[in-house]
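For reference, the chain that follows is the form predicted alone, supplied as structure tokens.
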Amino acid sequence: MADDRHGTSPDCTWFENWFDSKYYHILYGNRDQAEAELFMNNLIRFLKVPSGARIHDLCCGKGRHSVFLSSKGFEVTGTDLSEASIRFAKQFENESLNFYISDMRTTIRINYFDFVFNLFTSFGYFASDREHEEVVRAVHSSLRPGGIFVLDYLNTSKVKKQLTGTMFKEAEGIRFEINKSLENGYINKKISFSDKGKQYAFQERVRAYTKGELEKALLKNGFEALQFKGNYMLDEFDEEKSDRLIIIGKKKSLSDSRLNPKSE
């Protein structure tokens, strides 16, 4: 049955509604830009990203990481499904920075990028593991041989222990009620609030992937030399303590036509 409040109904593709809503940006408007830049600087140093490298910021949102990476001398392409976010990001475009509306399950360029960054848990949104593997294959196709994929994901083990029920957050005069739960292998976040006399309800739904499951998906779809980091300082991953699960994988350098015959 559809929810009669404004926002999403249970049968909607939640991310299409929520990420294009102004309330998404209100709720998460306090994201730390300094932390984002620290993470990018650490990645650049750790990966030894050369000047002029081609970087794809996959699910770029309003482009905060893309803009910073561009300022460091890289050729950056940001893509996102949200028309509103891309419309906002386009104001920052320049000769080495471009933004496009795109579904992460599709490949925008073949054998082109040196690096693909998928940041801030922008993975695991779909209804099936098959669709999530489509994303991994699309990334694989877009990378040049030897290119690097960085997947910045939540540490499911730690998050599961912190599902404490209802919490509230105030932002721009709106009181958001947030309920987190684990249902059918997904971490669900239900977000409800009122604004100007109207009631709204949205949700976030992320697959509760373990380190082992993600490792298997990447290895199966053409990545190797996987490394696992646990925070934006790039300390080693600890399943009990780490805040993040950051996976760094390399596209196999040899011909891989079995995995994606049209990509080579």
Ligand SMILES: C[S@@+](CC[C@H](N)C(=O)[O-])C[C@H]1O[C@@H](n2cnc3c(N)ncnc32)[C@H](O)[C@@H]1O
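All values derive from a computational prediction rather than experimental measurement. Sequential numbering from 1, following the sequence displayed.
There is also a form predicted together with the ligand; it is not shown, and the following applies to it.
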Of 136 to 144, 161 to 169, 180 to 188, 100 to 108, which is the one stretch near the ligand in the model of the complex, taking non-hydrogen atoms within 4.5 angstroms as near? 100 to 108
State the residue from C59, L214, L43, V67 whose non-hydrogen atoms include one within 4.5 Å of the ligand in the model of the complex. C59
Using a 4.5 Å cut on heavy atoms, which of F176, Y112, F92, F120 is close to the ligand in the model of the complex? F120
S82 near the ligand in the model of the complex, any heavy atom under 4.5 Å? yes
Examine F126 and determine whether its closest non-hydrogen atom to the ligand in the model of the complex is within 4.5 angstroms. yes
Within 176 to 209, which residues have a heavy atom closer than or equal to 4.5 Å from the ligand in the model of the complex? none
